Every structure is written in C-alpha cells, then in structure tokens.
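Same protein, same chain, two forms; see structure 1 and structure 2 below, as structure tokens.
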Structure 1
C-alpha cells in the first residue's frame, strides 16, 4: 500500500514544483500548497500509515487499542497543516500587495532589488 502512496506523494510534489516554476503568483502559491500537502502525506506514509484504530483511549481502558495508529506523526502533521495555512495567508497578502503596487502578477516582471551582491 505504501508503494502506491509513495507514488501519490511523488506526484503531488512534482505537480507542486511544476506550478511553483510558473510565472503567475497564484499558480506558484497553489503549487506551494500542493507541496505542503505532499510533505504532510509524506510524513504520514513514511511513519507507517495503515488502516488502524485512532490513538484514542477507549472508556474503561488505560491505553489505546492494540495496533492503534502512531500519534506522534499526527501531532506533527496537525500543526504543520495549520502552519501551512498561516504561511499561505501571509504569502497571499504579500502577493496581493505586490500585484497592486507593481501592477503585475508576473514574477519575471517584478523589479529586482538593488545592490545584488555588492
């Protein structure tokens, strides 16, 4: 199963990178979000995801059911999803401001900053 999911994660990355190499800011940001989704799934798959009961302690027991899903990657990914959302929000604000100020959403037409390498 994880062979199939490795393929899916690779495809998400490839699609995301392809979009990030475009010139339009919107597509770049969609690509960034795809790569983020791919990264979260990558952690999940690499940590041995399988069909399993969730890491919840049922009433009357002291520990989750045997064979439960690993809680640690879930905690990592949960915050990663929210952080990814935050980064996207900030990037959108930046894109919005730069397109309005500079009049283009084409990354190749943005003026470069002065003083490169001097």
Structure 2
C-alpha cells in the first residue's frame, strides 16, 4: 500500500509542478494546491497511519494503553488543510482582482515595477 501511495504522492507533485510552470494565474494556484495536497499525503503515509484505538487514558492510569493511534500527524495535516484552504481563497480573490484590473491572467504580460525609482 505504501508503494501505491508513494506513486500518488509523486503524481501529485509532478502535476503540481507542471501546472506551476504554466503562465496563467489559475494554473499556478491549482498547481500549488496539488503540491500542498501531495505534501499532506506524504506526511500521512510516512506517519504509518493504522487502525488503532484512540489515545484515551483509562481511569486509574497515567498514560494511554500501548498500541494506540498517534494523533499528531492527523492534527498537523488537518491544520495544513485549513491553512491551505485559507491561502487558496485569498490567492483566488487576488487573482480575480488583478485579472479584472489589469485585463489579463498571463503572468508574463503583467506590468512590472522594475526600473522605476521610488
């Protein structure tokens, strides 16, 4: 199963990098999202996720029983998903506004401020 998930992670990274090399803003944002999802899946696979009881401490003990699930990778991935969604929403709003204002979504045609002194 780890081999299949490794191929999926590689495919997500490859598709994301390919889209980030495009010239349109929307392709870059979708590529960035794919790379982020690939990183989340890589963390999930590397953590060795398995079916196990939750790490609850029974009455009278100081620590959970052996063989419990590790909640840290899942918490990290959930946090990364929420942050990634917020960043994507903000970036989409910026992309829409820049496309409306400048009349193009081609990154090579956007005006630059190079050579203009302050």
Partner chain sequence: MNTVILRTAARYLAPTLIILSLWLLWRGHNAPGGGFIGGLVAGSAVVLHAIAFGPVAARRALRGSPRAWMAIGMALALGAALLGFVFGETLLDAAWVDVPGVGPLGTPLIFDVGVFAVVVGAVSGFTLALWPEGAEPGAEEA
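All values reported here derive from a predicted model rather than from experimental measurement. Basically, rigid core = biggest C-alpha set you can superpose within 1.5 Å across the two forms. Numbering follows the first chain given and starts at 1.
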| property | result |
| --- | --- |
| Form predicted in complex with its partner chain, given as structure number | 1 |
| Large Cα move at residue 43 between structure 1 and structure 2, threshold 2 Å, rigid core | no |
| Between structure 1 and structure 2, how far the Cα of residue 52 shifts once the core is aligned, in Å | 4.9 |
